[in-house]
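Here we start with a single chain on its own, the form predicted on its own, put down as C-alpha cells.
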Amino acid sequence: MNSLMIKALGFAVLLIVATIFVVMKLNIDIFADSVNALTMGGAIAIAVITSAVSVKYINQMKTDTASGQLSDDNWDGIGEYENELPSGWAYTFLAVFMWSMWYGFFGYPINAYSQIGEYNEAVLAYNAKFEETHKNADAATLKEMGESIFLVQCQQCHGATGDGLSGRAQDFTTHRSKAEVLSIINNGQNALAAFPGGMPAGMASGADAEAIAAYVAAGFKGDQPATFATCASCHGANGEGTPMVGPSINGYDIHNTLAKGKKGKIGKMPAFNTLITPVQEKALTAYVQSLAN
C-alpha cells in the first residue's frame, strides 16, 4: 500500500469520524428512522467513494500515457483521441441514476411528518376559513382589507399611497393617461391571458380616438362620446368589462397582473396568484380602484 493510499484512507476515516461526532453532538439518533440512517449511510459512502476515486485517478495521471486513434479534427495542432467512455464512469452513472430513482419513489418517506407540510396544511386551512368568513364582505370591509394587503405586498414598489414612487411603478392615484389609452387604441393590446382574443389595433382613429381616450383618461366622467359604443361592445357600457371578452377599463383591473405578473418600469413584477386568495384579490381591487376616485 503506497503513501497516497494511506493518506486517502486516513482522510476518509477523518471525514467519517467528524460526521459521527457532529451527529452525536446534536443528539441525533441515527437509527431512529430510515431518513437518518440513509443520510448517515450516504455520508459514509461519499467519504469512501471520494477517497477511492481520488486515489485511482491521481495514480492514473502519474502512470498512464495517451493512446488510441486520433480524431481527424484538431485545433491548432491539438487533437483528441477517439476513446470510448471508461466503463467505470458509465457503471457509476448508471448506479447513481438507479439509486436516485429508488430513493425518489420508494426510499424517502413522502408521507412522513414534516414541518413544511404542517405549515402548508395550516395555511390552506386558514385560507379556506378566511374565504368562508369574508365571502360576502361589504364594500367598506373589502376596502379596509385591501389597504392592509396593499401595505404589505404592494407599497414597496407602488408607494404607501399608491403614487408609483415618482414614476418608478404604476401610479394608481390617477387614471390612465390619454396618451396611454391612445397607444392602446392605435396599437392594440394582447397581453392579458384571460382575454385570448386580444384587442385589434385601429378600433377608432382621428378625432374619434382622441375623444374616447380623453373620456377614459378622465375616469368616465362627462359626456360619453357616441363612438364609445365600439368600445362598449367588449368593455361594457361603463367600461366595467365583460368576462372572457374585454377587461375593465374603468379603473385598474389587477386580476391579470396578479395572475401573470407584468413588465414594469423598474423591472418585472412577479405573479402573486399563489400568495393572494380570491377574496383578498377582490379586496385589493376594491382598494386600488378607490385610489383614483
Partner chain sequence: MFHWLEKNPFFFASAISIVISFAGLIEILPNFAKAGRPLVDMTPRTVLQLAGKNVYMKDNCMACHSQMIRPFKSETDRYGKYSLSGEYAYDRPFLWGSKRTGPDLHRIGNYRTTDWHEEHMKDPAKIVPGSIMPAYTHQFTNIADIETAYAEAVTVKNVFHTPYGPGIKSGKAAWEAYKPTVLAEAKKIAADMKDERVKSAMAEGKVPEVVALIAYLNSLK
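Quick caveat, the model's predicted, so the values are computed rather than measured. Numbering follows the first chain given and starts at 1.
Here the subject shifts to the form predicted together with the partner chain, a form of this protein not shown in this document.
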query	finding
4.5 Å heavy atom contact, L165 to the partner chain in the predicted complex	yes
In the predicted complex, L9 touching the partner chain (heavy atom, 4.5 Å)	no
Contact flag, Y126 vs the partner chain in the predicted complex, heavy atom cut 4.5 Å	yes
Exercise: V152 in contact with the partner chain in the predicted complex, heavy atom 4.5 Å	yes
Output flag, K268, F272 and L275 jointly within 4.5 Å of the partner chain in the predicted complex, heavy atom basis	yes
Heavy atom within 4.5 Å of the partner chain in the predicted complex - residue from I116, A207, A218, A179	I116
One stretch from 117-125, 180-188, 198-206, 219-227 that, in the predicted complex, holds residues within 4.5 Å of the partner chain by heavy atom	117-125
The partner chain in the predicted complex - contacting residues of 24-59, heavy atom within 4.5 Å	none
